[in-house]
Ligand code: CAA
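A single chain comes next, written as structure tokens; it is the form predicted on its own.
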């Protein structure tokens, strides 16, 4: 079978962030509830000129560095915060990135699983031979928003992760063996008439943890491993990270299912490095799993070359998949060269008051403004058309 996987990746985050200790104090909450209870330190806050499209374009530009746009034959954007009910974010990207007209472009939606859906389609496209030597661009881009003073407020965030998928996986070669679990549940949703999501928090947590075990079991049935302790084979396990403490709970569920009576012991070496970047960004929905993967490759001090890692994707509603890959030699050096921690260091810290003002802006109604300083910027809506700048 044709080798396929991730050749390169790119990450984009908003220019500003909110310190979670400051938010906790403003809400008269013990800061430990956010830092320890949720595991978050900082929360990315998207400004009015930053939306799902601009974040996706910025992440894609990083992933495509040195790649001829004509090599891209498939562009898929997974998102649950699309900017239009009909026109896909991928179509906006085609224009902003200069992708060729022979490139197939579309959008995938299934809550936080949408990006993984796009990745699986891209991998099948490559393995089937339909790519004819071309590459796929899969972008996960979202702005997680629940609103000021809501229960979900500390689990907001924004960002995008772009994956260049090809038959030359310079970062991670992905296995075709996948364990899937899907159910019709109402744990999280966003009606068409709402900007903010609705979540049944405790029920969603239960659905997530059940899906971890069922998808893992399905992976084992497909030939992935034999209990007990099949997961010991992985040097790292990346989970969907709506907030970092969720990954701790998920790992406990997986290892307990494996027969491990003390799952917290393996958390340190299998999961912790994958949370370094997520704890500084917050929830990025479809991109959360792949921000964790980027974090492992950028921050893990071990040499992971040739080692196996696992990925668990969950999207409310629900669909989940457990799949694996092998880290390619030189992958960590390539991702470290992107200087992702410095990208986060360069952001501007804002106050709670500025954060609240930002969320109050009705971005879809604001007039076309002057071009922003960033490479890609949302300028506003003119005659019912979204206008973007590209420098």
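Residue numbers count along the first chain shown, from 1. No experiment lies behind these values; they were computed from the predicted model shown.
Note that the form predicted in complex with the named molecule isn't included here; everything after this is about it.
(message) If contact means a heavy atom within 4.5 Å, which one of 274-282, 308-316, 93-101, 124-132 is the stretch that engages the named molecule in the predicted bound form?
(response) Of the stretches listed, the one contacting the partner is 308-316.
(request) Determine whether any heavy atom of residue 155 comes within 4.5 Å of a heavy atom of the named molecule in the predicted bound form, and answer yes or no. (result) Yes.
(message) Is residue 257 part of the interface with the named molecule in the predicted bound form - any heavy atom within 4.5 Å?
(response) Contact with the named molecule, no.
(request) Mark residue 330 yes when one of its heavy atoms lies within 4.5 Å of a heavy atom of the named molecule in the predicted bound form, and no otherwise. (result) Taking the distances in the predicted bound form, the answer for residue 330 is no, it never comes within 4.5 Å of the named molecule.
(message) At 4.5 Å between heavy atoms, is residue 145 in contact with the named molecule in the predicted bound form?
(response) No - in the predicted bound form, heavy atoms of residue 145 and the named molecule never come within 4.5 Å of each other.
(request) Work out which of 170, 265, 249, 195 lies within 4.5 Å of the named molecule in the predicted bound form, going by heavy atoms. (result) Comparing distances to the named molecule in the predicted bound form, the residue within 4.5 Å is 249.
(request) Have a look at 26, 32, 361, 339 for me and say which one sits with a heavy atom within 4.5 Å of the named molecule in the predicted bound form. (result) In short, 32.
(request) Taking only heavy atoms into account, state which residues of 193-215 are within 4.5 Å of the named molecule in the predicted bound form, ordered by sequence. (result) In sequence order, 199, 201, 202, 204, 205, 208 come within 4.5 Å of the partner.
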